[in-house]
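Presented below, as structure tokens, is a lone chain in the form predicted alone.
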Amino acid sequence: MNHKDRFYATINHQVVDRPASWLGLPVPSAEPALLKHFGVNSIENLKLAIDDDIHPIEVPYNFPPSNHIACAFNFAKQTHLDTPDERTLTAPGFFEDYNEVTDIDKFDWPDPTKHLDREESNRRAKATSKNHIRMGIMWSAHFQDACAAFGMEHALMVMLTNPDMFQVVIDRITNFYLKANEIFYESTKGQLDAVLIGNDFGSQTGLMVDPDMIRTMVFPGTKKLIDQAKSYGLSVMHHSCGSIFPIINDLHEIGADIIHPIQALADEMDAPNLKKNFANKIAFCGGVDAQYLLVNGKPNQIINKVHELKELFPTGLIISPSHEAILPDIAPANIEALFKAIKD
């Protein structure tokens, strides 16, 4: 099978020669060791060396200091490092001081048409291997951004005590992403196969908020983002770290094709439990523990885990680290073992 056939067969629970795979997104500090270990000079060549199936395309969003679509809003009331790796949702947020929905326009809302580079979007898509699944890394984290807009603890209180205020903020954020994503989709039309969107809803032991609140206040925006991607013929991988078992079926019902990253050590997110409850119904991505196993384990332990996952999920699971970020504490030899075992 070629890479695209394998991906689509995997997520549609069809017979595959081997499960589809995704390396994830190595952070810059992890790249030198990976490139050295595999004897390559770029992450793109690394993905070719490990025979990965999914090649990500980052959205070119020019808004200093982060220049990243995930940091499009300056909600924090205090100076902090505004980069994808250093940003915090817990800093006091702009809307902490506002209680009326009419206050929504007091914030200086960004205009994505001024920051999202259409030509660079097209260039990046064209430069990505057409023989692989080309996945736009959209994020579109409207819930996380709404938490940052108030400061997380305050945001969760506002959801309970002033839901109209929370709703008007999250809706404005959703509209920003719908506009930004349309620019990217139009600029890369016919050159994408899939997108990654998502929010972190879970802690290690359960959801951060009541599932009905997520269904009422968050998922309507999520569905709009999924429907938009589907209108361009794209498969949707929905990301959420943590224990999200109670809302997995909801995500499937609103259109998510793949649930990512099935955080292996979070409560109820182990592969056997997911197999028991969602076999042949929902596709997943992840499964190889990135909290302990990939950090502290030996290559033979990684190989054994992958073989175990392949027995549980001969299809329906894109095997990947159980976090999208490959951090520098993960030994490159363990990444090599992971991909070797996928092809065994």
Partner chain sequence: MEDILVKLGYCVEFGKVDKNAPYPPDMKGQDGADELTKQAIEQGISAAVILEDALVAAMNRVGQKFTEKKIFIPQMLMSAKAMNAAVAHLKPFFNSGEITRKGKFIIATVKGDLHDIGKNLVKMAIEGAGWEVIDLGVDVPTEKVLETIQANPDAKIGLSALLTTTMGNMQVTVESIKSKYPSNAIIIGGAPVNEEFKTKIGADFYAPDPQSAVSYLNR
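Bear in mind the structure is a predicted one, so any value in this text is a computation, not a measurement. Numbering follows the first chain given and starts at 1.
Heads up, the form predicted together with the partner chain isn't pictured, but that's what we're talking about next.
J.: In the predicted bound form, is there a heavy atom of the partner chain that lies within 4.5 Å of any heavy atom of residue 209, even though the partner is absent here?
T.: Although the partner chain is absent here, residue 209 would touch it in the predicted bound form, with heavy atoms inside 4.5 Å.
J.: Within 4.5 Å, heavy atoms only: does residue 66 come near the partner chain in the predicted bound form?
T.: No, residue 66 is distant from the partner.
J.: So in the predicted bound form, does residue 153 come within 4.5 Å of the partner chain, heavy atom to heavy atom?
T.: It does: once the partner chain is placed as it appears in the predicted bound form, residue 153 has a heavy atom within 4.5 Å of it.
J.: Using heavy atoms and a 4.5 Å limit, would one call residue 279 a contact residue for the partner chain in the predicted bound form?
T.: Result no; residue 279 lies far from the partner chain in the predicted bound form.
J.: At 4.5 Å by heavy atoms, is each residue in 127, 178 and 191 next to the partner chain in the predicted bound form?
T.: Contact check failed for every one of 127, 178 and 191.
J.: At 4.5 Å between heavy atoms, only one of the stretches 222 to 230, 114 to 122, 198 to 206, 183 to 191 reaches the partner chain in the predicted bound form; which one is it?
T.: Heavy atoms within 4.5 Å of the partner chain in the predicted bound form occur in 198 to 206.
J.: Would you kindly say which of 34, 309, 302, 290 lies with a heavy atom within 4.5 Å of the partner chain in the predicted bound form?
T.: Residue within 4.5 Å of the partner: 290.
J.: What is the one choice in 254, 213, 104, 137 with a heavy atom within 4.5 Å of the partner chain in the predicted bound form?
T.: Comparing distances to the partner chain in the predicted bound form, the residue within 4.5 Å is 213.
J.: With the partner left out here, which residues of 303 to 336 have a non-hydrogen atom within 4.5 Å of the partner chain in the predicted bound form?
T.: Heavy-atom contacts within 4.5 Å come from 327, 328, 329.
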